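Heads up, the chain below is alone and in the form predicted on its own; it's given as structure tokens.
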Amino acid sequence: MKSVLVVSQAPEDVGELLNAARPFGEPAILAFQHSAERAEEVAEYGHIVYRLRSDRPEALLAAAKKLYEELRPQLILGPSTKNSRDGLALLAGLYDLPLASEVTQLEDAGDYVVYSRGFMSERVIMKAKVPKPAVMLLKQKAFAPSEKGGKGEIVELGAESSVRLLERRPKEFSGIRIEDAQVVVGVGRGFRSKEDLKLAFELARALGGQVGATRPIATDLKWLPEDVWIGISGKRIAPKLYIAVGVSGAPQHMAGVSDAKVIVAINKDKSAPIFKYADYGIVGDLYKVLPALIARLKK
């Protein structure tokens, strides 16, 4: 038996998940999607790794169900990512387990799990206690990563599912891990056309950063790929500097940048909510402010 089942979607999240699992006992790792592709890297943490060669939530449910019944873990940990949420929420519903997402702190309280999570762009922190077993989905970068050590066994799992996949239509992806960038320029509806986004890219290059987007830019207008979408349903980032250009400051977006060290807002509407969150604000037309800022940086 294992005390904790750690569900990893990407090798980059394993260290944080294992660190959060440490107070609860011996973990086993269920590696799916990107972690399955790089299972040898995941095994370097020294724990047994069950490899699921699939990225489908229904396959994750089937694998997690199998391991839950075999190992009887008291805690299931995973990242607060879309596929992880979809698969593990189904597991929690199947066994009537307590579930929380975007968790930022965990404590072992015997027969209970004590957890914390934020609301209203982290301006309100809730602390709650639920009985074990429970499913906890962790906010990215909320926990420090643990160190690698040893070489764990890799066990293959079949991708069993009652759902039949008929067709795949690939989305456009940038290939950029925006959550790793130290400087991010966020673009919103203040830009009048897709071509005008070149100003944001030029500013990002001058600062050695990357360009991210609000939901309308990435999902509605599709001016940028969805993997640079910043927000509560997109990527959560924690750069040293976040420059919001033409971004109104909706709570759903600001939840994704609440961990930024410094936030700079550029918006022509002095009443825009973004200024309530910003450390520095510029009230002005982005089509005048950005060229001047880029020229100054280049000089």
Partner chain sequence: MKDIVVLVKASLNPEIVRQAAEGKFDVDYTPLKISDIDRNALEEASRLKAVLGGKVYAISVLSWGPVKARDKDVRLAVQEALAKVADEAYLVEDDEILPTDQVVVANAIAALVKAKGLRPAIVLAGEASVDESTSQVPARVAAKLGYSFVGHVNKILEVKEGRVVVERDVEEYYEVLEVSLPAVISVTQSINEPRPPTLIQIRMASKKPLHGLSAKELGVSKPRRSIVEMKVVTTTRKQVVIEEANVERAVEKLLELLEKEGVLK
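Computed from a predicted structure; not experimentally measured. Numbering follows the first chain given and starts at 1.
Keep in mind that the form predicted together with the partner chain is not shown, yet the notes after this line are about it.
* Asked: If you check A144, V155, A109, V163 against the partner chain in the model of the complex, which one has a heavy atom within 4.5 Å?
  -> For this set of options, the contacting one is V163.
* Asked: So which of L71, A206, I176, L197 gets a non-hydrogen atom within 4.5 Å of the partner chain in the model of the complex?
  -> None of the other options qualify; the answer is A206.
* Asked: Using a 4.5 Å heavy atom cut-off, which stretch among 269-277, 36-44, 22-30, 62-70 contacts the partner chain in the model of the complex?
  -> Contact-bearing stretch, as computed: 269-277.
* Indicate whether F191 is a 4.5 Å heavy atom neighbour of the partner chain in the model of the complex. => Flag for F191 set to no.
* To do: Tell me, yes or no, whether G281 is in contact with the partner chain in the model of the complex, where a contact means a heavy atom of each within 4.5 Å.
  => Yes, G281 lies within 4.5 Å of the partner chain in the model of the complex.
* Asked: Would E202 count as touching the partner chain in the model of the complex under a 4.5 Å heavy atom rule?
  -> E202: no, not in contact with the partner chain in the model of the complex.
* To do: Answer for D180 alone: is it within 4.5 Å of the partner chain in the model of the complex, judged on heavy atom distances?
  => D180 lies outside the contact set for the partner chain.
* For 260-299: residues with a non-hydrogen atom within 4.5 angstroms of the partner chain in the model of the complex? -> A260, K261, V262, I263, V264, K270, F275, K276, Y277, A278, D279, Y280, G281, I282, V283, K288, V289, A292, L293, R296, L297, in sequence order.
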